[in-house]
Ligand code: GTQ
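Shown here is one chain on its own, the form predicted alone, set out as C-alpha coordinates.
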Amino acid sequence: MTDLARLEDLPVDYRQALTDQNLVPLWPSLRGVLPPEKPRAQTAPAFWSYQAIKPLLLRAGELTPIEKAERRVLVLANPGHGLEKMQASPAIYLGMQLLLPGEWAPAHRHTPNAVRMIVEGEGAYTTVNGEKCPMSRGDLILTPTGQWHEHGHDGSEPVVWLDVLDLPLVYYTETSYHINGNRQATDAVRGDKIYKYGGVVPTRDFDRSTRSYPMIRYPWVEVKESLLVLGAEEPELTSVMVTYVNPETGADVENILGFYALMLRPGQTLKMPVRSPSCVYHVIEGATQVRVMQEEFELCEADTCCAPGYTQVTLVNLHTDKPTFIFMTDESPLHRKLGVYEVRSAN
(Lines give C-alpha, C1' and ligand atoms only; values in the text may rest on other atoms or scores of the structure.)
Protein backbone atom coordinates (compact mmCIF):
# COMPACT_ATOMS: atom_id res chain seq x y z
CA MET A 1 0.00 0.00 0.00
CA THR A 2 1.43 3.37 -0.99
CA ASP A 3 1.67 6.21 1.50
CA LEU A 4 -1.00 8.84 1.18
CA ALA A 5 -0.10 12.42 0.34
CA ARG A 6 0.61 14.66 3.31
CA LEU A 7 -0.96 18.01 4.10
CA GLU A 8 2.50 19.58 3.79
CA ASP A 9 2.64 18.47 0.14
CA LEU A 10 -0.08 20.98 -0.75
CA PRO A 11 0.84 24.62 -1.55
CA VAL A 12 0.41 27.06 1.31
CA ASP A 13 -1.97 29.26 -0.67
CA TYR A 14 -4.20 26.25 -1.45
CA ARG A 15 -4.28 25.18 2.22
CA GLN A 16 -5.18 28.73 3.24
CA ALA A 17 -7.96 28.87 0.63
CA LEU A 18 -9.41 25.65 2.07
CA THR A 19 -9.23 27.06 5.60
CA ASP A 20 -10.99 30.25 4.53
CA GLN A 21 -13.93 28.13 3.36
CA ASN A 22 -13.93 25.83 6.43
CA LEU A 23 -12.76 22.94 4.29
CA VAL A 24 -10.31 20.13 5.18
CA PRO A 25 -8.72 17.67 2.71
CA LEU A 26 -9.50 14.10 3.74
CA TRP A 27 -6.65 12.18 2.18
CA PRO A 28 -3.84 13.34 4.53
CA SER A 29 -5.90 12.15 7.52
CA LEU A 30 -7.66 9.17 5.96
CA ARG A 31 -5.59 6.53 7.77
CA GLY A 32 -6.14 8.36 11.04
CA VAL A 33 -9.91 8.01 10.92
CA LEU A 34 -9.93 4.69 9.02
CA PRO A 35 -6.86 2.76 10.24
CA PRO A 36 -6.14 -0.69 8.78
CA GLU A 37 -7.45 -3.89 10.41
CA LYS A 38 -8.62 -2.49 13.77
CA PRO A 39 -9.25 0.87 15.48
CA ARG A 40 -6.55 2.89 17.19
CA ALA A 41 -7.79 3.03 20.74
CA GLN A 42 -7.36 6.02 22.99
CA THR A 43 -8.63 3.96 25.90
CA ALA A 44 -5.65 2.67 27.88
CA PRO A 45 -5.61 -0.21 30.34
CA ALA A 46 -6.24 1.60 33.63
CA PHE A 47 -6.55 0.64 37.30
CA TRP A 48 -8.05 2.41 40.30
CA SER A 49 -7.34 1.19 43.84
CA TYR A 50 -10.22 1.68 46.26
CA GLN A 51 -7.80 1.78 49.19
CA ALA A 52 -6.16 4.80 47.53
CA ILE A 53 -9.49 6.40 46.60
CA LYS A 54 -11.28 5.99 49.95
CA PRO A 55 -9.21 8.41 52.09
CA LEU A 56 -9.38 11.04 49.34
CA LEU A 57 -13.13 10.58 49.12
CA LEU A 58 -13.55 10.91 52.88
CA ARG A 59 -11.36 14.02 52.80
CA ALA A 60 -13.69 15.43 50.15
CA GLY A 61 -16.48 14.90 52.66
CA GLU A 62 -14.59 17.09 55.13
CA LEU A 63 -13.69 19.75 52.58
CA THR A 64 -16.97 20.16 50.69
CA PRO A 65 -20.45 19.97 52.24
CA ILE A 66 -23.10 18.18 50.21
CA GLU A 67 -25.02 21.46 49.81
CA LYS A 68 -22.13 22.86 47.78
CA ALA A 69 -21.19 19.65 45.96
CA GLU A 70 -24.72 18.36 45.14
CA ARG A 71 -23.01 15.09 44.16
CA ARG A 72 -19.70 14.43 45.93
CA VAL A 73 -17.83 12.31 43.39
CA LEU A 74 -14.25 11.52 42.43
CA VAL A 75 -14.12 10.64 38.73
CA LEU A 76 -12.12 7.59 37.62
CA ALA A 77 -10.53 9.09 34.51
CA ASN A 78 -8.63 7.10 31.91
CA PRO A 79 -5.23 8.72 31.16
CA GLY A 80 -5.47 7.57 27.55
CA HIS A 81 -8.32 10.02 26.99
CA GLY A 82 -6.80 12.76 29.16
CA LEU A 83 -7.93 13.38 32.73
CA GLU A 84 -9.84 16.49 31.71
CA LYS A 85 -12.20 14.35 29.60
CA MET A 86 -13.47 12.57 32.75
CA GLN A 87 -14.15 9.29 30.96
CA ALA A 88 -13.02 5.70 31.45
CA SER A 89 -13.72 4.64 27.85
CA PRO A 90 -15.40 6.08 24.75
CA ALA A 91 -18.89 5.72 26.26
CA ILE A 92 -18.31 4.94 29.96
CA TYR A 93 -17.99 7.42 32.83
CA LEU A 94 -17.02 6.10 36.28
CA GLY A 95 -17.16 7.93 39.58
CA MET A 96 -16.88 7.02 43.27
CA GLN A 97 -19.62 8.85 45.19
CA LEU A 98 -19.73 9.49 48.94
CA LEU A 99 -22.80 10.12 51.08
CA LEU A 100 -22.37 10.81 54.79
CA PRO A 101 -24.90 10.11 57.56
CA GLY A 102 -27.78 12.56 57.57
CA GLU A 103 -27.02 13.93 54.11
CA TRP A 104 -29.45 14.27 51.23
CA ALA A 105 -28.36 14.67 47.61
CA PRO A 106 -31.28 16.58 46.03
CA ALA A 107 -33.55 15.27 43.32
CA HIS A 108 -32.73 15.84 39.71
CA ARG A 109 -33.02 14.08 36.37
CA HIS A 110 -30.71 14.07 33.39
CA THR A 111 -30.33 12.69 29.91
CA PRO A 112 -27.39 10.30 30.52
CA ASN A 113 -28.30 6.85 31.83
CA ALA A 114 -26.73 5.92 35.18
CA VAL A 115 -26.40 2.96 37.51
CA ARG A 116 -25.07 2.69 41.05
CA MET A 117 -22.98 -0.30 42.17
CA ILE A 118 -22.85 -0.11 45.99
CA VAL A 119 -19.30 -0.44 47.32
CA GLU A 120 -19.67 -0.25 51.10
CA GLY A 121 -21.83 0.99 53.95
CA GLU A 122 -25.45 0.63 55.06
CA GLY A 123 -28.34 2.98 55.74
CA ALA A 124 -28.39 4.95 52.48
CA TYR A 125 -31.03 4.79 49.79
CA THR A 126 -31.76 6.04 46.30
CA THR A 127 -35.27 7.12 45.37
CA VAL A 128 -36.09 6.75 41.65
CA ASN A 129 -39.47 8.07 40.50
CA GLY A 130 -40.89 7.48 43.97
CA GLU A 131 -39.38 4.00 44.43
CA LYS A 132 -37.16 4.01 47.52
CA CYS A 133 -34.27 1.57 47.00
CA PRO A 134 -32.14 0.60 50.01
CA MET A 135 -28.42 0.40 49.26
CA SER A 136 -26.36 -2.63 50.30
CA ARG A 137 -22.95 -3.75 49.06
CA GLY A 138 -23.11 -5.25 45.58
CA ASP A 139 -26.62 -3.99 44.80
CA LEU A 140 -27.15 -2.51 41.34
CA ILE A 141 -29.58 0.43 41.20
CA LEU A 142 -30.66 1.99 37.92
CA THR A 143 -31.33 5.67 37.29
CA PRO A 144 -32.21 5.60 33.58
CA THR A 145 -32.41 8.61 31.31
CA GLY A 146 -35.03 11.16 32.37
CA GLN A 147 -35.88 9.47 35.69
CA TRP A 148 -36.10 11.61 38.85
CA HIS A 149 -33.64 10.42 41.48
CA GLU A 150 -32.16 11.51 44.79
CA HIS A 151 -29.98 9.97 47.51
CA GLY A 152 -30.47 10.01 51.28
CA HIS A 153 -28.71 8.51 54.30
CA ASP A 154 -30.41 7.45 57.54
CA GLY A 155 -27.50 5.34 58.82
CA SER A 156 -24.41 5.99 60.91
CA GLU A 157 -21.44 5.23 58.62
CA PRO A 158 -20.29 6.64 55.27
CA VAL A 159 -21.76 4.97 52.19
CA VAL A 160 -19.83 4.77 48.92
CA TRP A 161 -20.96 3.59 45.52
CA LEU A 162 -19.59 3.38 41.99
CA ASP A 163 -21.46 5.52 39.46
CA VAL A 164 -21.51 4.23 35.87
CA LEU A 165 -22.94 6.55 33.22
CA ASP A 166 -22.98 6.78 29.43
CA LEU A 167 -22.14 10.47 29.87
CA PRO A 168 -19.22 10.60 27.36
CA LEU A 169 -21.47 9.56 24.48
CA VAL A 170 -24.43 11.71 25.49
CA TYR A 171 -22.11 14.70 25.98
CA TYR A 172 -20.47 14.06 22.59
CA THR A 173 -23.87 14.14 20.88
CA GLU A 174 -24.61 17.50 22.57
CA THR A 175 -27.66 16.09 24.35
CA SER A 176 -26.42 16.16 27.96
CA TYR A 177 -28.31 18.28 30.49
CA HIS A 178 -30.06 18.04 33.87
CA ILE A 179 -33.14 19.51 35.59
CA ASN A 180 -33.45 20.03 39.34
CA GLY A 181 -36.56 18.80 41.17
CA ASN A 182 -38.26 18.58 44.55
CA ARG A 183 -37.98 15.85 47.15
CA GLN A 184 -40.01 12.85 46.02
CA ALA A 185 -42.83 11.08 47.81
CA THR A 186 -41.80 7.45 48.30
CA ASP A 187 -44.97 5.67 47.28
CA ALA A 188 -43.97 3.55 44.28
CA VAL A 189 -44.08 -0.25 44.31
CA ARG A 190 -40.66 -1.89 44.78
CA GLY A 191 -39.83 -3.59 41.50
CA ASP A 192 -37.22 -5.86 43.11
CA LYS A 193 -39.98 -7.38 45.23
CA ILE A 194 -42.61 -8.02 42.56
CA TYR A 195 -40.01 -9.28 40.05
CA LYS A 196 -38.22 -11.31 42.71
CA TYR A 197 -38.32 -14.70 40.96
CA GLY A 198 -37.03 -15.41 37.48
CA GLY A 199 -39.44 -16.92 35.00
CA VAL A 200 -42.57 -15.14 36.28
CA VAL A 201 -43.74 -11.56 35.86
CA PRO A 202 -46.83 -9.77 37.23
CA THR A 203 -49.98 -9.90 35.09
CA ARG A 204 -52.80 -7.44 35.80
CA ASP A 205 -56.12 -7.92 34.00
CA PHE A 206 -54.31 -10.27 31.61
CA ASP A 207 -51.90 -7.51 30.56
CA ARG A 208 -48.17 -7.30 31.08
CA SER A 209 -46.39 -4.17 32.23
CA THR A 210 -45.25 -1.79 29.52
CA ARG A 211 -42.98 0.26 31.80
CA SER A 212 -39.60 0.88 30.20
CA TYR A 213 -37.83 0.19 33.51
CA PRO A 214 -40.02 -2.10 35.63
CA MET A 215 -37.16 -3.09 37.95
CA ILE A 216 -34.80 -0.48 39.40
CA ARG A 217 -32.92 -2.36 42.16
CA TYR A 218 -31.09 -5.66 41.60
CA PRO A 219 -30.09 -6.98 45.06
CA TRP A 220 -26.63 -8.54 45.22
CA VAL A 221 -27.74 -11.33 47.56
CA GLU A 222 -30.00 -12.70 44.81
CA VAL A 223 -27.53 -12.16 41.97
CA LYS A 224 -24.80 -13.94 43.95
CA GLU A 225 -27.14 -16.86 44.63
CA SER A 226 -27.89 -17.11 40.90
CA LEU A 227 -24.18 -17.33 40.10
CA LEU A 228 -23.54 -19.97 42.76
CA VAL A 229 -26.46 -22.09 41.55
CA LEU A 230 -25.45 -21.68 37.89
CA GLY A 231 -21.90 -22.76 38.70
CA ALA A 232 -23.09 -25.78 40.66
CA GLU A 233 -25.71 -26.88 38.11
CA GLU A 234 -23.35 -26.52 35.13
CA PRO A 235 -19.89 -27.54 36.39
CA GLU A 236 -18.58 -27.74 32.82
CA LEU A 237 -19.45 -24.09 32.17
CA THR A 238 -16.29 -22.08 31.53
CA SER A 239 -17.73 -18.60 32.11
CA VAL A 240 -20.21 -18.39 35.00
CA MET A 241 -21.85 -15.06 34.21
CA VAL A 242 -25.28 -13.43 34.34
CA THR A 243 -26.59 -10.37 32.53
CA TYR A 244 -28.72 -7.72 34.22
CA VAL A 245 -31.89 -7.56 32.11
CA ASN A 246 -35.31 -5.99 31.97
CA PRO A 247 -37.57 -8.71 33.47
CA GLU A 248 -40.42 -7.92 31.07
CA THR A 249 -38.44 -7.97 27.82
CA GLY A 250 -35.20 -9.83 28.52
CA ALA A 251 -33.30 -6.93 26.93
CA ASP A 252 -30.39 -5.08 28.53
CA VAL A 253 -31.54 -2.96 31.47
CA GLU A 254 -30.43 0.28 29.77
CA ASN A 255 -30.02 1.52 26.22
CA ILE A 256 -26.30 2.12 25.78
CA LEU A 257 -24.28 0.15 28.35
CA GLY A 258 -24.50 -3.51 29.37
CA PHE A 259 -24.09 -4.80 32.93
CA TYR A 260 -23.03 -8.26 34.10
CA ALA A 261 -21.90 -10.24 37.13
CA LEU A 262 -19.18 -12.89 36.77
CA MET A 263 -18.07 -15.62 39.15
CA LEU A 264 -14.55 -16.99 38.91
CA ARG A 265 -14.29 -20.44 40.45
CA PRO A 266 -11.49 -20.99 43.02
CA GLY A 267 -8.13 -20.67 41.29
CA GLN A 268 -9.75 -20.26 37.86
CA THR A 269 -8.02 -18.61 34.92
CA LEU A 270 -10.51 -17.27 32.37
CA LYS A 271 -9.69 -15.83 28.95
CA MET A 272 -12.40 -13.39 27.93
CA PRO A 273 -13.45 -13.23 24.27
CA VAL A 274 -11.79 -10.52 22.18
CA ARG A 275 -14.65 -8.10 21.45
CA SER A 276 -15.09 -4.62 20.06
CA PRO A 277 -16.42 -2.84 23.20
CA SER A 278 -14.33 -1.55 26.07
CA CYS A 279 -15.05 -3.23 29.39
CA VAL A 280 -14.83 -2.25 33.07
CA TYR A 281 -14.16 -4.79 35.83
CA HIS A 282 -15.04 -4.07 39.48
CA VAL A 283 -14.49 -6.63 42.24
CA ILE A 284 -17.46 -7.13 44.57
CA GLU A 285 -15.97 -10.03 46.54
CA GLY A 286 -12.59 -11.74 46.34
CA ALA A 287 -9.49 -10.81 44.37
CA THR A 288 -8.42 -11.18 40.76
CA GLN A 289 -5.48 -10.53 38.51
CA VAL A 290 -6.41 -8.82 35.24
CA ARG A 291 -4.05 -9.15 32.29
CA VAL A 292 -4.68 -6.80 29.40
CA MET A 293 -2.15 -5.94 26.67
CA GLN A 294 1.19 -5.57 28.46
CA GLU A 295 -0.40 -4.66 31.79
CA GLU A 296 -1.18 -6.78 34.85
CA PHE A 297 -3.39 -5.47 37.65
CA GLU A 298 -4.20 -7.14 40.94
CA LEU A 299 -7.69 -6.16 42.07
CA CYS A 300 -8.92 -6.55 45.64
CA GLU A 301 -12.49 -5.89 46.79
CA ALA A 302 -13.86 -2.57 45.46
CA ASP A 303 -10.93 -2.08 43.03
CA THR A 304 -11.75 -1.21 39.42
CA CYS A 305 -9.97 -1.46 36.07
CA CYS A 306 -10.75 -0.75 32.43
CA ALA A 307 -9.70 -2.59 29.28
CA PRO A 308 -9.97 -1.21 25.73
CA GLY A 309 -11.89 -3.04 23.04
CA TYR A 310 -10.30 -5.46 20.55
CA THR A 311 -7.89 -6.73 23.24
CA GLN A 312 -7.42 -10.05 25.00
CA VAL A 313 -8.29 -9.90 28.70
CA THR A 314 -7.39 -12.73 31.07
CA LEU A 315 -8.83 -12.96 34.58
CA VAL A 316 -7.23 -15.05 37.33
CA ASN A 317 -8.93 -15.76 40.65
CA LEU A 318 -6.20 -15.12 43.23
CA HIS A 319 -8.08 -17.22 45.77
CA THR A 320 -7.70 -20.99 45.45
CA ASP A 321 -10.27 -21.78 48.14
CA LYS A 322 -13.23 -19.56 47.26
CA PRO A 323 -14.85 -17.84 44.28
CA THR A 324 -14.33 -14.23 43.24
CA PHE A 325 -17.29 -12.12 42.09
CA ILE A 326 -16.86 -9.33 39.54
CA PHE A 327 -19.25 -6.65 38.30
CA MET A 328 -18.71 -5.76 34.65
CA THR A 329 -19.97 -3.03 32.36
CA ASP A 330 -19.34 -2.59 28.65
CA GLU A 331 -20.58 -0.83 25.52
CA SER A 332 -22.13 -3.90 23.84
CA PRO A 333 -25.72 -2.53 23.56
CA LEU A 334 -24.38 0.58 21.85
CA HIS A 335 -22.16 -1.41 19.47
CA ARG A 336 -25.06 -3.68 18.53
CA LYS A 337 -27.32 -0.72 17.79
CA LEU A 338 -24.60 0.82 15.63
CA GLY A 339 -23.95 -2.48 13.84
CA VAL A 340 -20.24 -2.50 14.79
CA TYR A 341 -20.26 -5.22 17.45
CA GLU A 342 -17.52 -7.81 16.80
CA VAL A 343 -16.07 -10.91 18.41
CA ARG A 344 -12.64 -11.84 17.09
CA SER A 345 -10.41 -14.87 17.44
CA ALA A 346 -7.78 -14.56 20.17
CA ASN A 347 -4.23 -14.06 18.96
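The structure displayed is predicted, hence computed values, not measured ones. Throughout, we count residues from 1 along the sequence that is shown.
Absent from the display: the form predicted together with the ligand. The rest refers to it.
Taking 256, 275 and 310 as the candidate spot, are all three within 4.5 angstroms of the ligand in the predicted bound form by heavy atoms?
Verified in the predicted bound form; spot residues all out of contact, no.
Taking the ligand as it sits in the predicted bound form, is residue 218 in contact with it (heavy atom to heavy atom, 4.5 Å or less)?
It does not: once the ligand is placed as it appears in the predicted bound form, residue 218 has no heavy atom within 4.5 Å of it.
Even though the partner isn't displayed, in the predicted bound form is residue 261 close enough to the ligand, meaning a heavy atom within 4.5 Å?
No, residue 261 is distant from the partner.
Is residue 163 a contact residue for the ligand in the predicted bound form, using a 4.5 Å heavy atom cut-off?
Yes, contact at 4.5 Å.
Find out whether any non-hydrogen atom of residue 73 is located within 4.5 angstroms of the ligand in the predicted bound form, and reply yes or no.
So residue 73 counts as contacting the ligand.
Can you pick out, from 246, 136, 97, 145, the residue that has a heavy atom within 4.5 Å of the ligand in the predicted bound form?
Result of the distance check: 97.
Find the only residue in 224, 81, 110, 190 having a heavy atom within 4.5 Å of the ligand in the predicted bound form.
Of the candidates 224, 81, 110, 190, 110 is the one lying within 4.5 Å of the ligand in the predicted bound form.
Partner absent here, but in the predicted bound form, which of 210 to 218, 146 to 154, 234 to 242, 263 to 271 has residues with a heavy atom within 4.5 Å of the ligand?
Going through the listed ranges, the match is 146 to 154.
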